[in-house]
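Only one chain is given next, in structure tokens, and it is the form predicted alone.
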């Protein structure tokens, strides 16, 4: 069984795959954490109760207890997982275990995205009911362990069973202690157009914290943090990861205390969050997904990839190949007519593209980014026949029809804003800060949620739409709802996210066969929360092939290739000015959900023929890149080359992708060791070479990379 109870030691061991996670109830009914790491039998711990207080110290013994749900006020001095201010004004809280139970499968989190189990045998859930007897606060701490991987999904459910209001000041989905602190910390840092750079730094005494207070998970940091053994690399060593299934403001930290003990935490950002919990009310935390790997960073990533691809993403498109698309944005920007779009679509159909996406500019008076957001009515000057006319012509060409929306925004120059100026996030008496000449609708309000659901659904149901790109192009300012009372103002950001999730659940459920892709200024909301509703996300607004090497490599630390939107754009590139060949651009993009972001009518006949061959190649490989095990082989952050591979589940096929940025004179050919193959099989490469799997694993393969911006994508099949 995934959950073993040792009655004598009063411990619960959650095991799956090669990992175990151990909890303990002490004689005072406190819930403590004992272990997270390589798999152990339930009675294998060396822990003893006296380990907590076996040395003299100025600090109280309680200050070093490994609380699983730490709280304030009784001698533990770290950041609380549950911070409560009671009606007397103090924050002293004392949670004790009342009961526990084990149930098969995994319960959903109402109103929040979360991982899931399709069959009860896939997972088991251990739940503890804890209570603070003075205030009546009850906390259900849930731990779901997935049998195949050993991943643990953590969440907290708060209920006020007392007679007075409580204010939740801190809510961390997980806060996991370690008996040591000699780790490296790994996180994914960035900015617009250069998201998710891999950063690794030694842990030291004190707190290392990443966060977003932007109202979205953000370009700056991803809601993920990992602790690595100092000698851990891509293929060996222990790594512990925490990934928050949430799309709003968050915090994640590693704190090493004065005894050298680390604590890894993630949850809602307390800087922009509080919540009044009235008697009888409840509140759920987002879910945190904890993964341990003894096989380095690749092992960690592969567990996240399998889980997020198959048990976070949902619906019709989860297990289907994604269509090859063309998006008109960088090809036309706002300057298009129906005839121009159809001309591009005709070229797309000629070379086998399957989906045409109409981006920004199709609604209201939208000829620039200064108006009409919120007015989801067709611009008849550009599209005289409306969306249905364009959709019909595209479908007649054999193409599916996709459409861009930015439903969470409103332009001050719009009919919606003139009718409802109070519907945006704002503070009365303060200026309304604009970004991109737009404001953010207050999705904490049900009437705003209903408007978005109705207006977007109306377009989708009447226009033959097969795909939606859902964008969100600014961070929050004056992030307060005008309809919430003063004591609830800091609930706005979390209420916004709950409102957004309600909107997404409603629309995606009503249109299950539409493929949804999320976007936020590119990769500003690339997080597990969005993947629950939309199985793919636009990686970045930076479409340059060289930059995409880092973007795709860094994103792969947590997220599967099936979640990454990756396009071929025009040169000189619109973000960097760099000129790369079509082959390089295509070879980079085919590792994700492939598309074009340009005007095909400007291609020469030779370029169009090359693009057609590329489309055929993508169709040949897309099942392998979607389902295959992803291996990072050479890091673009560490040298002039990058490489990764996809290995089929049966290990009989491997796609090797290798790239060189700049040519270097008088150097030996690049040789790459492959991973994940069957050492006993013979593999035949497309170029005629033949290799034993053991040789590829131990000696590697030479790849032909010559010149600046060169690439090699090589398919090998077992004989």
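Numbering follows the first chain given and starts at 1. Predicted model, so just to flag it, every value in this text is computed and none were measured.
Just so it is clear, the following notes concern the form predicted together with a small molecule, a form of the same protein that is not shown.
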Next item on the list: Tell me, out of 80, 521, 241, 150, which residue has a non-hydrogen atom within 4.5 angstroms of the small molecule in the predicted complex.
Entry: 521
Next item on the list: Answer with one of 382, 469, 474, 490: the residue that has a non-hydrogen atom within 4.5 Å of the small molecule in the predicted complex.
Entry: 469
Note to self: Does any part of residue 644 reach within 4.5 Å of the small molecule in the predicted complex? Heavy atoms only, please.
What the structure shows: no
Check: Does residue 292 make contact with the small molecule in the predicted complex, using a 4.5 Å heavy atom cut-off?
Finding: no
Note to self: in the predicted complex, is there a heavy atom of the small molecule that lies within 4.5 Å of any heavy atom of residue 359, even though the partner is absent here?
What the structure shows: yes
Note to self: I'd like to know if residue 596 sits close to the small molecule in the predicted complex, meaning any non-hydrogen atom pair within 4.5 angstroms.
What the structure shows: no
Notebook entry, point to check: If we take heavy atoms and a 4.5 Å cut-off, which stretch out of 502-510, 273-281, 534-542, 247-255 is in contact with the small molecule in the predicted complex?
Noted result: 534-542
Check: in the predicted complex, does each residue in the set 178, 209 and 259 place a non-hydrogen atom within 4.5 angstroms of the small molecule?
Finding: no
